[in-house]
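Starting off, we have a lone chain in the form predicted alone, written out as structure tokens.
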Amino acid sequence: MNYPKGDGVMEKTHSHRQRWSSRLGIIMAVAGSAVGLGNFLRFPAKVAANGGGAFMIPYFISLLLLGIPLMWIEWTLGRYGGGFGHGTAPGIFHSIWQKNRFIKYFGVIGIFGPLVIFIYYTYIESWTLAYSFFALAGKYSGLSAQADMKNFLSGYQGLEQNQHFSSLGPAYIFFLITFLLNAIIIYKGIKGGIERFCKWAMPALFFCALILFVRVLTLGAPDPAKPDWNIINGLGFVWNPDWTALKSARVWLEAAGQIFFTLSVGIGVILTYASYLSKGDDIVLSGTTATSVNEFAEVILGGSVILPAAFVFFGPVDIQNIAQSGLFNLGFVTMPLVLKQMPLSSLMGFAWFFLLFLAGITSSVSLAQPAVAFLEDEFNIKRGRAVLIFGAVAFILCHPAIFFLKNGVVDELDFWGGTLCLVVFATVEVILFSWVFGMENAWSEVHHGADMEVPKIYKFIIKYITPLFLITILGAWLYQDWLKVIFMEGVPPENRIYILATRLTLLIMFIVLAVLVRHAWRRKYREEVRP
């Protein structure tokens, strides 16, 4: 099979590259990448902190104008670039715009961003594995107040020494187990590792979520003196909008950011996953299905479990205060207290934290794949060795997030890797897709092998609305917050040295990746001209 290059030249596909074994496999893998901790921890916290139902309006607008178009764009670009033997953004971008020798360096973000997220996400993921064990072992069963659960979490994270934990040892052990599980899945490859794992992990995740969903819907008002604290009003908190909140630009920016985070778009992961598709695979139906699975997990399950349950036990005022006090407090502090008051509380607690662990690990293995694919595709390194190289580097880079969590390192990593990089990368993608590749060529590529047709209105949306939306978000951030971030406004003086060290580390990582891209292309050029 041959793919046409942008300049009309034909290039053969690389038959040695791995392939997904089935449409179900790729849908489960992409859905697994998208369905992560953001669905069940970040989304409820954002809804609660941004006016409840008011958040849902800009959320769905962002989904239609930003999330779904970017999903189709990344599936299309990934499949197209895979035909040239490229599974990561530098090679895929180069395949689209071969006459521009600098475009591949913009693609470095598609390896850098996932790597940065991986080195802190894996540690947070390990907390969910630990809490799954704690739930069954009854380790926090004697705690009944928010303050007690916060102390338990702080002790586990190593933020303080208390009666619950005297060191970071337990957290580090669970981190090692989690990291090793990730490495094993990645080592076994696309079909034998990631696809096989996601095929059973995703149904298990939804099984746990549905158990909790049904149980929450059957909750009665626990306090007769407060009959308004019931499940109906809890669901109303999620869905009834406060129209005045829509005047806040922050609500709109938060909603757009959540769409990026939840769909895993703008990261580079879907590009890599889609590169293992065959030319005739249907990306319209598969991409739409994967998006639908993610939205069901986030809006129906994630939004209808933790928030209504917390509303029933803590009321509308406290739930907002809890969400604003910290991103993890709803999931790791409030939810265990809620589940403790239900029958079979240990099993319910285990179901909650185990579904978080499954959501986390299906996402973290996808974050590792771009770096591994880069070593495989551009340096012809066999997968086993590529995984060992990635594992060694990532393991070392994970440690600042573990040992300096209290100094703001994770927040700094999340901002650069999980926020800014997403917007910049997505902006480059959509411009390449619609303006460089050309909307007509892109539209034909989207529909190659498709069983359904994308509504034609999306030609206009992808070419004009989506890039304008992205540029507006980026411009608003540059105008409002750029100098504040650079000069570390609001960062405690004692943490500034850690933030500077983190930024220096990130800069070195980016430069090293850019040098590797340059070396890979020079090496290929020498091979091409060698007689």
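Heads up: residue numbers just count along the shown sequence, starting at 1. Just so we're clear, the structure is a prediction, and the values are computed from it rather than from any experiment.
One more form of this protein should be noted, the form predicted together with ligand PFF, which is absent from this view; the next part is about it.
Ligand PFF in the predicted complex is approached by residue 363, whose closest heavy atom lies within 4.5 angstroms of it.
At least one heavy atom of residue 36 is located within 4.5 Å of ligand PFF in the predicted complex. In the predicted complex, ligand PFF lies within 4.5 Å of some heavy atom of residue 121. Residue 310 falls outside the set of residues with a heavy atom inside 4.5 Å of ligand PFF in the predicted complex. For the candidate set 274, 372, 267, 358, a heavy atom within 4.5 Å of ligand PFF in the predicted complex is found for exactly one residue, namely 267.
When you look in the predicted complex, the only residue of 126, 88, 262, 334 with a non-hydrogen atom within 4.5 Å of ligand PFF is 262. Considering ligand PFF in the predicted complex, the lone stretch of 61 to 69, 38 to 46, 462 to 470, 491 to 499 in range is 38 to 46 [heavy atom distance within 4.5 Å].
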